[in-house]
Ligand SMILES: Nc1ncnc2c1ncn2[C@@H]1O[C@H](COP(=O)(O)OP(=O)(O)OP(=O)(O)O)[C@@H](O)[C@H]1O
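Coming up is one lone chain in C-alpha cells, specifically the form predicted alone.
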C-alpha cells in the first residue's frame, strides 16, 4: 500500500481580492520505506505540499490519502489525532521544547497521543535515543547540546510513535557540511531500520543526491520528476 497518494491536488489561498494558487492539480504517489524530496525555488509550493500531507493544512480540491486513509476532509481534531499517530516531523530549527530534557522532548509525542505506561514509554524513548546515538545526553536541555545533536533528538522524536512517514522541512539548513552529512546518513539508517518513509522539502543537493525520487516544483506545479533509483513514481 502506498504511503501517500495525491490526485488533482490543489491549494488556493484567498486574502481580500488576492487569490494565490499555491498548488495546482499535482498528482504523485510515494511508496513505503522510500526517500523522496520536493525541490524548487522559494514560493514554489514545497512547504504547502508538506503541510497538506502532514494534515496541517487541508487541500482546496482533489484527493489525498496518507497511510491508507483519505485525509482531505478531516476535522481539526481528527487531523490532529491522525497526525500524532501516523506522522513525524523534523524541522530546520529543530523545534525542541527548551524547558524539557532530551529524554522528555522525545517522550512528549507519546504523552500526547498514546496511552502508554511510564515503563513502556521509557523503554521506547531510550531505544530511539540509542538508535540515534544520544543516550548519554538524555538528561541535558536543548541549549546544552550542539545543532547536530538537536537534529538527532528531533529524528528520534519523529520516530517515537512508530510513524511510518516522516516529513522533513529543510532538516540540514542550519547545520555545517560534516554534521549535515551525518544527519542524512542517520535518516537513511533509520529508514532502513524502521522501514520509515522520509519526505523532504529542501534546497540541499546533498539530500537530493541521496533520495530515490525528486519532484521539482515551479509555481505550484511539477516541472519535472527524477526517479533516481526506482523508489517511487508520479
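Positions refer to the first chain, counted from 1. By rigid core we mean the largest C-alpha set that fits within 1.5 Å across both forms. Everything quoted here is computed from the prediction, not taken from an experiment.
Here the subject shifts to the form predicted in complex with this ligand, a form of this protein not shown in this document.
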query: Option touching this ligand, based on a heavy atom within 4.5 Å in the model of the complex, out of 47, 179, 29, 65; finding: 47
query: Location of this ligand contact in the model of the complex, chosen stretch of 205 to 213, 192 to 200, 37 to 45, 65 to 73 [non-hydrogen atom, 4.5 Å]; finding: 37 to 45
query: Residues within 4.5 Å of this ligand in the model of the complex, restricted to 168 to 189 and counted by heavy atom; finding: 170
query: Residue shift check between this form and the one not shown, rigid core fit, residue 204 Cα at least 2 Å; finding: yes
